[in-house]
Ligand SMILES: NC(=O)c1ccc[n+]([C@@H]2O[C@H](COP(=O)([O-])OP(=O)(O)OC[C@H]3O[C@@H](n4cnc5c(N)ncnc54)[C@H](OP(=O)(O)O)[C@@H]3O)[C@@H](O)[C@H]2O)c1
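Okay, here we've got a single chain as structure tokens, the form predicted alone, with questions on binding and movement later.
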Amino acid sequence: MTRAINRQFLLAARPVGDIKESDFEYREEPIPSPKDDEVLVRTIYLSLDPTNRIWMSDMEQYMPPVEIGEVMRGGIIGVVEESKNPNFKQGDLVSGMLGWQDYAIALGNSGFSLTRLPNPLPCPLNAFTGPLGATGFTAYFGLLDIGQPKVGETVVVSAASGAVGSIVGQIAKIKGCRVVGITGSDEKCRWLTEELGFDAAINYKTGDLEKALA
């Protein structure tokens, strides 16, 4: 272990408008020890996502909101430092919703579950926070299971330069579709067409969106 303390960020207040530093509380705690059937995980990567803002709000949503005083929710990629669970061993690379902290206890009484990552890894480790993580799953199942695109159809992607939208467009191209992305700058438009292979891109801030789509 590289540190003797566990650094944590807790939700201190419900944000009003943009998130402020005062909406969080920084705390240092001793590194916890796992009990029977529990696992101690050290965070390597923390995914920061737009949905963090939703989780901080006391509103109806797809998950319970983070409570005031709780460690801020967040998806992580980590390594098992100590295990008292027969399904995991020290050194396993894992993913889970373990929050904004250096170390977390998973399984057992914590209520958190872990997913063991492949060994050996088939790709860079940080890919599991993006294309092989929640944003990739959202893009894949949202487009293919719900959108059900057909070869030759045109797929229009809003927020196309974002984490989900950029993957949606690439999957649609693989499936033989013509892909048009909507984004907010000329630089992002060039990225979509020149690097990601979109057929066209629209800057909604400077162009006539309705005319461009037509």
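All residue numbers are counted from 1 along the displayed sequence. All values derive from a computational prediction rather than experimental measurement.
Quick note: we don't show the form predicted together with this ligand, though the next part is all about it.
So which stretch, 66 to 74, 24 to 32, 144 to 152, 177 to 185, is the one near this ligand in the predicted complex (non-hydrogen atoms, 4.5 Å)?
Stretch 177 to 185 is the one.
Is I44 close enough to touch this ligand in the predicted complex, meaning at least one heavy atom pair within 4.5 Å?
Output for I44 is no: heavy atoms all beyond 4.5 Å of this ligand.
Quick one: is V156 in contact with this ligand in the predicted complex, heavy atoms, 4.5 Å cut-off?
No, V156 is distant from the partner.
Is there a non-hydrogen atom of I171 within 4.5 angstroms of a non-hydrogen atom of this ligand in the predicted complex?
Although this ligand is absent here, I171 would stay clear of it in the predicted complex, with no heavy atoms inside 4.5 Å.
Spell out, yes or no, whether the shortest heavy atom distance between M56 and this ligand in the predicted complex is within 4.5 Å.
Judged by the heavy-atom cut-off of 4.5 Å, M56 is well away from this ligand in the predicted complex.
Judged by heavy atom distances of 4.5 Å or less, which residues of 44 to 60 approach this ligand in the predicted complex?
The stretch touches the partner through D49, P50, T51.
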